Every structure is written in structure tokens, then in C-alpha cells.
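Take a look at this one chain, the form predicted alone, written out in C-alpha cells.
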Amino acid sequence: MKSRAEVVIIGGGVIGLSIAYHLGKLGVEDVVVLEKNYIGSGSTFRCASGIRAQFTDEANIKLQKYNIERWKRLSDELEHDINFKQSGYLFLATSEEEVEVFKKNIKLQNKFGVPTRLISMDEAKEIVPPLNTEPFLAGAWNPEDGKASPFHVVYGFAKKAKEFGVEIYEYTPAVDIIVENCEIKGVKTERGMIKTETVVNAANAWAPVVNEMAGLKRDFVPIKPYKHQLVKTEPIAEGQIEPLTCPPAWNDSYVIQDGEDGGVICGTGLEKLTHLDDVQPTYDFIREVLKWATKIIPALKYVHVVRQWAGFYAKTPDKNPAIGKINYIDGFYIAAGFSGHGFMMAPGVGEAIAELIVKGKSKVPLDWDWYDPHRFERGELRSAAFQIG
């Protein structure tokens, strides 16, 4: 194991690996990623795979519009097929009040170049043939939203990062961060010390633990682990439920077809604030999610559930991530607390943090003030962005 590195990234999920890849791309030669388990094992491999720009605030819309352009090029960039497909996102309104909210959101998204539009249920039925249209009045549809394979994305970032000289140490947890006179001196691991002056906290749900290692209060960035679960059915006819399809009023429930094998991933907003070791799926969730999924797509009554799993939404109080430099410690950065959006934001966030470290600024349209990790201690919470999918 290296005894010295220019940058140490704590967290080997999609965010940490994206940062590592982009640092390598910028010519940073000595980058180390520390992962306490195997890469992708935290939230990344447990996500529903969706990628969208349908948010309800300017900062997230702009960032995600940029990210979708990055996603379109990412397979070629990484020289690895990440199975990205612009299959769209379809949100469904169940009341006139909700239709008006959709119209307001669409107007804002259109203002920044996101081509969401309000569609009829006849159009929705053409997009998702097995959809139960009876309970719904209209849909918010963006065909440029999509999905990708979390497994291939993680592999692609890791493979390309290694080609740039990045060292990735799995099963190597950080146990302490050495800080002297507000300057980082190194990171202790179970395998030894790595001297460094720059650390990135990309540990998401575990980020408060990492902050505490650096001498900060654990709730300096108040990230809480909320257990979310998914089930997956056996394959159905290809292309039947390609878009992520969601009526927000139905407990934030959604369905999306797996882009690789045709199974249907089903989620719902049944969540539980828990501890970092609790990823045990529950029977209560199966009952709740299938109640809603079969109302959205009645044909799901006739397929079997083949898999169930749980992971974390690492949530901040305003459901927006903490991204940027931590001012109390020179060389300490954070990109965590994504509240379910880390996978879809990874290319642009990784690029922005890498450029911030190397150049002190970034060309990525990321609103540093909006995502400022110091906003919580100032009591400046942002608006809650759409959290579904």
C-alpha cells in the first residue's frame, strides 16, 4: 500500500470513483481511494438506476441537464458500455392541484432547456402500454431522462481511474484523519498510514463518521441514513415499462424496467431512519410496494418477485447534498448526503470536485453556494428537490 498520496478519497462508491477518475484525467498522479468494503457496496449498487433532470429548483435542474449530456458520452469516454439509455421519466398526476404543480415545474425546467412537457393519458399509454391510466389526469414527461447500470458505471470509472494510476484499496477502512494546525497530514487505515494533504469525504451515509475523524462534530453536515428498499420481478416483455413511471401522490411509488434483463424494479416511499448496519429487507416493504406497483401496472400481479434489497438514502435536512470545501480544515472536501441522487449526479459532481481541487474552480454548472456544506450551521436550508427515483 502507498505510504503517500496527493489526494485520498474516502468512499469507493460512484461519487468517490468519479472524483478519482476525473482527478486522474486532470493529471493528478498519486490518488488513493479507500473503500471499507468492495467498491459500489454502499448506496451505489442498491440504487434504482434512474437519471433525470426533472427537479424543482434551478440548481439541480442545471446540474442534471449538464449531467445528462455527460451520461450520453460516458460509455465512449470510459471505453466501457455503461448501458445508458434515454428511456425517459414519467410522473403522473392524480388531481387537478397536482397538474398545476406539474405545469409550474415544467415551466421552470423548460426555462433551463429541459424538454419536459405535459402529456395526456393517451400519450402516456403509448409510452407505457401496460399503464393503468384510469386514476391519472396527466403526466410530466421528459424523454431525455434515463437510466444506466450501476455495476457497469462503477466498473467503468474504476477501470479508467486505474489506467490513470489511481490506486483503489478495497476492504481498507479509514480509521483516522490526522489534522495539525487545521491542516491535513495523513489518513490512518487498518493497513497503515498514508501521508497526504488533501482528503475528500465521499462516504455518503458514513460521511458524518469521516467528518468526526477529522475533528469536526458529527452533525456538522447532518446526514442521516434512511433505509430504502426495492424489489425486482422476473422479466416482462422488453420495452413495456422502459421509463421510470411514478405517481408522486401514491407514496412516491415508482416502477422502472431493468435495462439489462427486463425485470421490473419497484420502489415506494416507505422509509426508516436506521443505523449504518441495517440493510435487512422487510416483509412490510414487499406488501407496501406491491400494493402500489400493481395499481400503476396491473400486469405486475402476474409476475414473481425474484429479489429484494435495501440501502440508504443519505439524507440532509433539505434533501440536497453537501458538495465543496470544508473551510475549517485546509485540503478537506466533501461530496455526500445525496438523498437518493448520488448515482445520477456522479459524472458532473466528480468532475467539479476534481477541478476544484486542481484548479480552484470548475466549469461544471454546479452552484457551490446551493450545495455549500456550511449552510447547515448557518441555518440556510434549501428547497426540497424531487426525491423520487
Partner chain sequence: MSEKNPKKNIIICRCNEVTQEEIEALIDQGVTDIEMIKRLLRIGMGPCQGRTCLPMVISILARKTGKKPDEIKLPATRIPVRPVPAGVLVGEMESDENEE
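Remember, it's a predicted structure, so these values are computed and weren't measured experimentally. Numbering follows the first chain given and starts at 1.
There is another form of the same protein, the form predicted together with its partner chain; it is not shown, and what comes next is about it.
Engineer: Just one of 173-181, 109-117, 270-278, 289-297 has heavy atoms within 4.5 Å of its partner chain in the predicted complex; which?
Structural biologist: One stretch meets the cut-off, namely 289-297.
Engineer: Counting any non-hydrogen atom inside 4.5 Å, which residue from E197, E260, E100, D219 sits next to its partner chain in the predicted complex?
Structural biologist: If I apply the 4.5 Å criterion carefully, the residue I get is E260.
Engineer: Taking 4.5 Å between heavy atoms as the contact cutoff, choose which of V305, M213, I127, I168 touches its partner chain in the predicted complex.
Structural biologist: Contact residue from the list: V305.
Engineer: Non-hydrogen atoms within 4.5 angstroms of its partner chain in the predicted complex: do I39, V154 and K232 all have one?
Structural biologist: Spot residues vs its partner chain: full contact, yes.
Engineer: With the cut-off set at 4.5 Å between non-hydrogen atoms, does W309 touch its partner chain in the predicted complex?
Structural biologist: W309 belongs to the contact set for its partner chain.
Engineer: With the partner left out here, check for me: in the predicted complex, does some heavy atom of Y66 sit within 4.5 Å of its partner chain?
Structural biologist: It does not: once its partner chain is placed as it appears in the predicted complex, Y66 has no heavy atom within 4.5 Å of it.
Engineer: Taking any heavy atom pair closer than or equal to 4.5 Å as contact, tell me whether R70 reaches its partner chain in the predicted complex.
Structural biologist: No, no contact at 4.5 Å.
Engineer: At the 4.5 Å heavy atom threshold, is R46 in contact with its partner chain in the predicted complex?
Structural biologist: R46 belongs to the contact set for its partner chain.
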